[in-house]
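Here we start with a single chain on its own, the form predicted alone, put down as structure tokens.
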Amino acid sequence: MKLSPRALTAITVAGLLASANVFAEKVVNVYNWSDYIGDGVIEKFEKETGIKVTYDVFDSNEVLEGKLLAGRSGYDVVVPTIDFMSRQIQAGIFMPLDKAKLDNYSELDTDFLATLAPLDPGNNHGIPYMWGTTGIGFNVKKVAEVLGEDAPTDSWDLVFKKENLEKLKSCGVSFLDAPTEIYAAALHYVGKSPNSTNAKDYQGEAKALLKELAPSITYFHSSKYIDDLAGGEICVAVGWSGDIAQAMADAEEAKNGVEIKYIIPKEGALLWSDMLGIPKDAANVEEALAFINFLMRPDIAAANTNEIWYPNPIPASLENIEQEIKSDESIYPPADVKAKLYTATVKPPKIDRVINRAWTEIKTGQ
């Protein structure tokens, strides 16, 4: 049978499309926190799997959540903190994970998974990536110069007492631009539950405290403080444990005379976990699962921890983690310190609105 030119054209186009699909490059689009993966890890994944990684970064849960709630983010793997992820699960943002395709799932610390299960029932939607605490990093020499040798460097008093912060302003102070975390610390400091669901707690003493402190805070930011603390541009940062450990390592490498210390305040602090999840509208699910599985491999988890100084939930990785890191009690806190840590819970939408409005007032001074 003789085919018409139109039929021949259709067959040719179909053949070209089929060929293109066969040779189409596999990709995974990842959206992670800034400075949060080891050097060479992505390249190693690409070489071993043939999957190309497109990698973007953010520095606040609020930015990530905005993209996820808007839909069609274009990302296949994202890394929210567990309390944010919990409410995003409730909103139907994430697909359940096919654990049968995660060969390394058995490497996860089962006790750690149990602590996350109330926020992710059955641990069905997220894989813990790294965890840490929210505490205080400071320049040892500058803080001593400003506040004296008896400065309360083991306590939230260092940054939550107005008279201390007014003096520290002279050498630079940074707070995380993370309203839920800073508010939790302030609530805890004034004797309220860090997970209060009473709007009056957020509008009362804790808000008054933060508004009083704001004029002495050089800036609110969730990543800039790493370089600034390492370079001596600021002397105090309320920040994440691993970020401050990175700043410490950067200062040591630079040999610039800056000595940085990180503390988990004696009153207690927030323990958090950042999670790996796959949005329900992800285009490359198989590739996303492969990437998550790769990150759970003990040698890869160790490589990440050795680079970014955050502890991971893979016990078998410990043998390959540098001694300096795994013996550091500010990174791997002992049991008595852990006992004073608290975790975040999901807040009702009404409380979220109260926090966000108050945070704007605190930052703008209005």
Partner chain sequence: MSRFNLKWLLILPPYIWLLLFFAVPFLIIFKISLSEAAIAQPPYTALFEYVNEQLTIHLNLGNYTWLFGDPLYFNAYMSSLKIAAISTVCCLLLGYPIAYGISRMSGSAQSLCLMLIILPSWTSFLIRVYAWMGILRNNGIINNIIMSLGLADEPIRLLNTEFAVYIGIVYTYIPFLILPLFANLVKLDNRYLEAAADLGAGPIKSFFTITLPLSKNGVIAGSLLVFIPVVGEFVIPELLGGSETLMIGKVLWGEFFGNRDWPVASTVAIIMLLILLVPILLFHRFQFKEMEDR
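Computed from a predicted model, the values in this text were never measured in an experiment. So that the term is clear: the rigid core is the largest set of C-alpha atoms that superpose within 1.5 Å between two forms. Numbering follows the first chain given and starts at 1.
Just so you know, the form predicted together with the partner chain exists too; it's not on screen, but the next bit is about it.
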### Summary
Given 65-73, 43-51, 307-315, 331-339, the stretch touching the partner chain in the predicted bound form at heavy atoms within 4.5 Å is 65-73
### Message
Contact check in the predicted bound form: 143, 148 and 183 versus the partner chain, with a cutoff of 4.5 Å between any heavy atoms. Do all three pass?
### Response
no
### Task
Answer with one of 248, 82, 97, 217: the residue that has a non-hydrogen atom within 4.5 Å of the partner chain in the predicted bound form.
217
### Contact residue in the predicted bound form, from 101, 161, 261, 87 (heavy atom within 4.5 Å of the partner chain)
87
### Task
Tell me, yes or no, whether residue 221 is in contact with the partner chain in the predicted bound form, where a contact means a heavy atom of each within 4.5 Å.
yes
### Query
Taking 4.5 angstroms as the cut-off for heavy atoms, does residue 114 touch the partner chain in the predicted bound form?
no
### Query
With the partner left out of view, is residue 128 within 4.5 angstroms of the partner chain in the predicted bound form by any non-hydrogen atom?
no
#### Entry: Contact of residue 268 with the partner chain in the predicted bound form (heavy atom, 4.5 Å)
no
## Note on the structure
When the partner chain is considered in the predicted bound form, the residues of 227-244 having a heavy atom within 4.5 Å of it are 227, 228, 231, 233
### Task
Verify the C-alpha shift of residue 309 between the shown form and the other one: is it 2 Å or more after superposing the core?
no
### Task
Using a rigid core alignment, state whether the CA of residue 328 is displaced by 2 Å or more between the shown form and the other one.
no
